[in-house]
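What follows is a single chain, given as structure tokens, in the form predicted alone.
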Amino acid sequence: MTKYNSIFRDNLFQDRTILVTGGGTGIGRAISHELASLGAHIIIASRKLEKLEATAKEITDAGGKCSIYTLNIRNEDAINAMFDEMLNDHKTIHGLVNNAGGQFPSPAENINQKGWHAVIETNLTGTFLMSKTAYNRALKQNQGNIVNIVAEMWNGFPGMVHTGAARAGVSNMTKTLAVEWAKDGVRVNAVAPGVIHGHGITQYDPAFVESYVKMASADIPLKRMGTESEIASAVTFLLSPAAAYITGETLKVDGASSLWRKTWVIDNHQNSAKFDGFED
């Protein structure tokens, strides 16, 4: 049986219902386990039913409460249909974790328009549509709050320009929504994971993973990758009453890698043109 040992007090989220997108795998699974272990009724939603079912069984077998819904966050009609069904079943939600996302590693010059739009629509547009719908249909009525999962993209994101652009947009959107929705007591924050050892990184090509992980880990000041549970704990804090005076912030959980890490190897070259206005 899968049991989650949270660092937070028991029943912290008793009588709270929290929706986690992409909650069937990776960081979303860890977030769902942690919140359920603290008494929340967790709703997990994503496109792949079998992964939702597996995580829901883990949570319920451990004594938690979990419901599942299939969802495509890039489709506003699908989002509204899911909310119709979910709110009919559960009346309201008190929190939303926008964890669902997706990307693929590629140099910028090789990304076509279709690939660009797919990543932007999932990570940026999908997050906006979920936030707007949750706010209008539940959160503003009960002073709920939102946590968005972004990424370490503060110094650009060479190798993943599409997701870097999208996640930077979400971080900015987090600030905007925090101000606009403060009048209803709705807090909006984000968590920016660094390099995390878990399900997400295993989805890439093994050769890429091996080279990237070695390079990234060597340059992280704490000299290791993070865990999915460390991201889950940060999300839990921001959802909790302990963060009642925090809104519009993006919390970096990256072992200081955003302060001291290279993500791109630059080959030796002599292709940099220079200007000198003086003539000999």
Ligand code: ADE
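These numbers were taken from a predicted model, which means no experiment stands behind them. Note that residue numbering begins at 1 and tracks the sequence as displayed.
Another form exists, predicted in complex with adenine; not displayed. Remarks below refer to it.
With a 4.5 Å cutoff on heavy atoms, residue 160 does not count as touching adenine in the predicted bound form; it lies far away.
For the chain shown alone, residue 125 is not a contact residue for adenine in the predicted bound form, no non-hydrogen atom being within 4.5 angstroms.
At least one heavy atom of residue 73 is located within 4.5 Å of adenine in the predicted bound form.
Interface membership of residue 100, defined by any non-hydrogen atom within 4.5 Å of adenine in the predicted bound form, is confirmed. With the partner left out here, adenine still marks one of 46-54, 249-257, 32-40, 225-233 in the predicted bound form; by a 4.5 Å heavy atom cut-off that stretch is 46-54.
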